[in-house]
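Below, in structure tokens: the form predicted alone, a single chain.
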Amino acid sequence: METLDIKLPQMGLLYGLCLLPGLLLWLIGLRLSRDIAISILRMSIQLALVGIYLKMLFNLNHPWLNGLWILIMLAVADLSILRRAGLKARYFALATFTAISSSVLFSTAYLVTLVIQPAHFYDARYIVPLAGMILGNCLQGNVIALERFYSALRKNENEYATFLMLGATRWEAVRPYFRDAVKAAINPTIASMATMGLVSLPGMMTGQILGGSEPWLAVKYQIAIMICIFTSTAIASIINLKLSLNIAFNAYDVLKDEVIGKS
């Protein structure tokens, strides 16, 4: 069974749906029409271009092209994480890239080569969307981890300094904030896994069912991707924070002001 196509007139009706929340926002005094219109336009153009590129990528299915696309995704995610976490890319870009690339590539490779086992491990049909889903969730988790950790440190500078004066090492002094940041990063995934199927049908599973897959097959893929998302987010958050410790502090274990972006 093939998925029904959405033709241009129906796409026009779909965009028209945005007028309702736009009107309601305007009535309550939120003048966001321009921001909403720009966001929808950017989303449409970006996804259209990605759709054209992915069609070419899937047709060629060349390992180097597939790898290059994943590398581009990792680089964009790297800069996005640091910008949204309020950290300066010139200090943390390499550390964050190392953390997310190692965790995402490990989880994706594990899922594709050991669990799914396609004829070719580099098959774009599998590695590109799976890596994208894992990376997207990993990105959110790392933004939370970095933002929570460094915000807590700046908010509790006196407490942190007291730990150091009492003889604690840098790691011992930051460990409470470290644990809280990692917990905050993985909590959304844990909550999502705990309620999945009862509160909502997840996107990957719904997409596969709409694409004609058997519900049980879609369930197995959804379980696989959620486990990989959790694994990747946890690993990347821990590695990212650990690597950042050597960058963010000076020789006297004082947090450097210059590594934090202007708010």
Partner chain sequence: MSPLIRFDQVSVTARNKTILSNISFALFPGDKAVLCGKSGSGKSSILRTLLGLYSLKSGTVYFQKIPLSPLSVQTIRSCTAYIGQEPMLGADNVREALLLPFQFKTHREHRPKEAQLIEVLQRLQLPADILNQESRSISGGEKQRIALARGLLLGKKLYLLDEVTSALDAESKQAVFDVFSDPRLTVLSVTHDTDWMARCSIIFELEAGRLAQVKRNGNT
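Quick caveat, the model's predicted, so the values are computed rather than measured. Numbering follows the first chain given and starts at 1.
From this point on, the text means the form predicted together with its partner chain, which you will not see here.
**Student:** Exactly one residue in 114, 166, 76, 191 has a non-hydrogen atom within 4.5 Å of its partner chain in the model of the complex; which is it?
**Tutor:** In short, 166.
**Student:** Identify, from the list 25, 254, 239, 245, the residue with a heavy atom within 4.5 Å of its partner chain in the model of the complex.
**Tutor:** Contact check passes for 254.
**Student:** Sort through 135-143, 89-97, 122-130, 169-177 and report the only stretch with a non-hydrogen atom within 4.5 Å of its partner chain in the model of the complex.
**Tutor:** Result for this chain: 169-177.
**Student:** For residue 187, is any heavy atom within 4.5 Å of its partner chain in the model of the complex, or not?
**Tutor:** Residue 187 lies outside the contact set for its partner chain.
**Student:** Quick check on residue 250: any heavy atom within 4.5 Å of its partner chain in the model of the complex?
**Tutor:** The answer is yes: residue 250 has a heavy atom within 4.5 Å of its partner chain.
**Student:** Just checking whether residue 159 would be counted as a contact of its partner chain in the model of the complex - the rule being heavy atoms within 4.5 angstroms.
**Tutor:** Yes, contact at 4.5 Å.
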